[in-house]
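One chain comes next, on its own, written as structure tokens: the form predicted on its own.
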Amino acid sequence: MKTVGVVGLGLIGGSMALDLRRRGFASRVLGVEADSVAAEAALTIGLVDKVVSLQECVAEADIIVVAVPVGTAVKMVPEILDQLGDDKIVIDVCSTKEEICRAVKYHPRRKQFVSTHPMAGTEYSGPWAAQPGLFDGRACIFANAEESAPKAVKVIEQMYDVLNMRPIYMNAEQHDLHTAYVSHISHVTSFALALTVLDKEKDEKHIFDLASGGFSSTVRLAKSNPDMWVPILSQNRDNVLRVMDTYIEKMKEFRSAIDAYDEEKLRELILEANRIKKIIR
């Protein structure tokens, strides 16, 4: 039974705090939250036992979970490591890995840091978005785990096992490339689709009247918080741009086939896309 400190009580941090205590991994959960309204909500909802300062959290917690936007995390993790006592562990749960791993690579307490990315989430944010079971059955990426102490990695593996997550190990560069394809381009596409519809359909009533399941599920990610996604897309710029270029090429193929009334080409493109059913069911 450990004291877990969660820095950033949003969807991921809040959901993690909820299940780690509910499932017996944490005897006490401390929260750090800069937004006073969110901090009060986290206490009221019961996500944490106490809201404290970052310094108090680092002093009292056995494990510190950094669940803030990645732009902030890159600066915060080295500062936490500067204050970290022996046998304590700090992890991040950010959506990009290369820059944060680079920021701590030569820190004298690097081995007490474990870089992770639980592949779970929704389009909602804030402590009121936290939900039990969010991580069940999902994958959790461990990035550059060989640079962390084996004991620290084992403890965090146990923590994610309590959350019913399966570990996947890869280096930070691979992680950022793969997430550009499976996560980041999905958000960019959703943002762009929402802007397209809002630009062309000035009467919002028709959007709501005509929106079906297909549109709603495709544009769902456009509700995501810009404070989270701006630094992700900025830090993973090169990978995201490469994926966007490929996406634009595919859009041009569809446009060309539709423009030419080329039904055979359209059928070919759709059948090719149908192969995704073998991967995602």
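Keep in mind that this is a model prediction, so the values were computed, not measured. For every residue, the number given is its place in the sequence shown, counted from 1.
Form predicted in complex with a further copy of the same chain: not shown, discussed below.
Q: Honest question, do S186, D209 and R220 all end up within 4.5 Å of a further copy of the same chain in the predicted complex by heavy atom distance?
A: Yes, all three are in contact.
Q: Tell me, please, which stretch of 61-69, 39-47, 222-230, 24-32 lies within 4.5 angstroms of a further copy of the same chain in the predicted complex when heavy atoms are compared?
A: Flagged stretch: 222-230.
Q: Just to confirm, with a 4.5 Å cut-off on non-hydrogen atoms, which of I100, V93, I141, V114 contacts a further copy of the same chain in the predicted complex?
A: Selected residue: I141.
Q: My question is simply whether W128 lines the interface with a further copy of the same chain in the predicted complex - judged by any non-hydrogen atom within 4.5 Å.
A: Residue-level check for W128: no, no contact with a further copy of the same chain.
Q: So in the predicted complex, does any heavy atom of F191 sit within 4.5 Å of a further copy of the same chain?
A: Taking the distances in the predicted complex, the answer for F191 is yes, it comes within 4.5 Å of a further copy of the same chain.
Q: Would R166 show up as a contact with a further copy of the same chain in the predicted complex if we use heavy atoms at 4.5 Å?
A: Flag for R166 set to yes.
Q: Tell me, yes or no, whether H178 is in contact with a further copy of the same chain in the predicted complex, where a contact means a heavy atom of each within 4.5 Å.
A: Judged by the heavy-atom cut-off of 4.5 Å, H178 is in contact with a further copy of the same chain in the predicted complex.
Q: What residues in 228-259 sit within 4.5 Å of a further copy of the same chain in the predicted complex, counting heavy atoms only?
A: If the 4.5 Å heavy-atom criterion is applied to a further copy of the same chain in the predicted complex, 228-259 yields W229, V230, L233, S234, R237, V240, L241, V243, M244, D245, T246, Y247, I248, K250, M251, K252, F254, R255, I258, D259.
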